[in-house]
Structures are given as C-alpha cells and as structure tokens.
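Just the one chain here, the form predicted alone, laid out as structure tokens.
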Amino acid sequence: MSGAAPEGPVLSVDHLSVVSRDSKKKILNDISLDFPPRSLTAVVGPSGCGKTTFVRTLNRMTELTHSLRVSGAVRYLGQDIYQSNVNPVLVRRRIGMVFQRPTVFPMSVFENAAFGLRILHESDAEIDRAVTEALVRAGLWDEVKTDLNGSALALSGGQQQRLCIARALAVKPRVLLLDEPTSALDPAATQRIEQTMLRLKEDVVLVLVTHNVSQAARVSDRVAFLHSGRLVEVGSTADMLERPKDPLTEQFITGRFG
C-alpha cells in the first residue's frame, strides 16, 4: 500500500454496507464518507447504531468476525483495501486501531510499545528510536522514561491506554481509529487522552467513536451521526452540534433521543 501524500482524502468510504450472514440483518447501510488530512472525525450515535462495526470496517477488522459480509469500498490513498491482492496486515499497519479497554501485554513498557516493530523485524536501533518517538507523541514518555523495563501491567488505566496509542503509533500509521478509548477512564485520564488526540491530528487522521457529545465538541473537527446503521448527516462540529439539519441528529445532540 502506498504511503505517498494524498491530494484528496486519506481514507474514504463508498457505499459501505455490512450484513450479518446469520440473521441477514443489515448492520451498516450504504455509507459514503471521506476523511481528509489533518482531521479528527467523531462518529456518534445511540448504542447499537453500528458505530463500532463501522470503525472496524476501516481496517478490515470485520474479517475477524466471520458472520459479517462487507460490500462497497474502503479506500486508503485511493486504493480499495478490500481488494484480494491487498495484505490485511499491511492495512492495519497503515490504519491502526485503539480499543475501548487498554490491551497491554504482560511484558515491559518498552516491549509493549515495540511489539509491532518486532513483528516487522526492524533493527534494534530503529526500534529504540521509534519507541521513544511514539511514547513522546502519546504523551507518556515523561512518566515512563526512567522505568521502561517495568511491567506495563503496573501502569494506571489511563497510562495503559496511552501505551496502546504509542504501540499503534510506533509503526507509523497514517490513520488511527479510536473506539471509545476513554469510556473506562476517570476524568483526569480522559483529559490526557484528549490532549494527545489534539496533538496527533496534526499529522495522523483520527476517527473517534464516542458516545459522549461533549467529548466530540472538545476534540473533533467534524461529527458523523449514525442511526440504525445509516449515516444521517455529517458536518463540521460546530454545525452538527449547534445547527443540525436532521431532527434525529438534533434529538440525539440535545439528549432528547427516544
């Protein structure tokens, strides 16, 4: 997959649908959406609307759930990532993902951050450099630099989540998907993650799934509202939160959603 700088969107979705093979239920219905450079798009909507399924389609994580069938196109720098000749491992290197709960491994802080680099067989010098840079970018370096060989399991929940972000950043993705990354964290840890997101969006395209409208207001440039698997509307954060066009969006934003 090319890493060249795009003239258009870094990531784009064209008529994307996801259907359950078992129930035949359509989980996502004909979604088209672009993700431009230097942007943070918040994907919001009620529980069960398809937010997590949507974000998992963006780096082929849905393939790990064999009961789902994906149609339409997801393009990274213009190339459809679902083409048969595209390696899904390379897709997930370019389009990283951070999950709702921190998934640290029972090893050192350093080795957690270096995990993807080890798989890629990078040199020790490159791993040292990339891990340091990733920890700095994730806003964790100052807190762990004196104990990189300490267990990652000893870190707080918020630190573990920033370590997961560092692990994703270490392999230099162009896109980072964040699936409710602060839902299990306290307000102070949430604030640190949000500050990290604001820094990262200058050079990484961020797609944030969140149920928290206030969080979307604090960190995002754009908001996409999903309902029943359908993209109801998308626009700048200010327009979506202050002047939504669709009544469903207004009901959700104002907390009057039934």
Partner chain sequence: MATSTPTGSVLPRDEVLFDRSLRTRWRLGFDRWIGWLLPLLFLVAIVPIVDLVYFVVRAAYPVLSWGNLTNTQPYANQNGNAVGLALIGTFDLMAIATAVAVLLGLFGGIATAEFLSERSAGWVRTSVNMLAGTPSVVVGYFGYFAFVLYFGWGLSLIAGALTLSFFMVPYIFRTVDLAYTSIPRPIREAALGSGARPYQYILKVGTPIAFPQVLTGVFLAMAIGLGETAPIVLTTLPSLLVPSSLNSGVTFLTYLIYDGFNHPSTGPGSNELAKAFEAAFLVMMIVIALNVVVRVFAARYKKRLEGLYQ
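Positions refer to the first chain, counted from 1. For clarity, every value in this text was computed on a predicted model and none was experimentally measured.
The following text describes the form predicted together with the partner chain, which does not appear among the structures shown.
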- [ ] Would you point out which of 214 to 222, 227 to 235, 61 to 69, 23 to 31 contains residues with a non-hydrogen atom within 4.5 Å of the partner chain in the model of the complex?
- [x] 61 to 69
Task: Heavy atom of residue 192 within 4.5 Å of the partner chain in the model of the complex - done: no
TODO: Give a yes or no for residue 107: in the model of the complex, does one of its heavy atoms lie within 4.5 Å of a heavy atom belonging to the partner chain?
DONE: yes
TODO: Decide whether residue 182 counts as a contact residue for the partner chain in the model of the complex under a heavy atom distance cut-off of 4.5 Å.
DONE: no
Open item on the list: Residue-level contact is defined here as any heavy atom of the residue lying within 4.5 Å of the partner chain in the model of the complex; does residue 115 satisfy this criterion?
Closed with: yes
Open item on the list: Residue by residue through 34 to 54, which ones have a non-hydrogen atom no more than 4.5 angstroms from the partner chain in the model of the complex?
Closed with: none
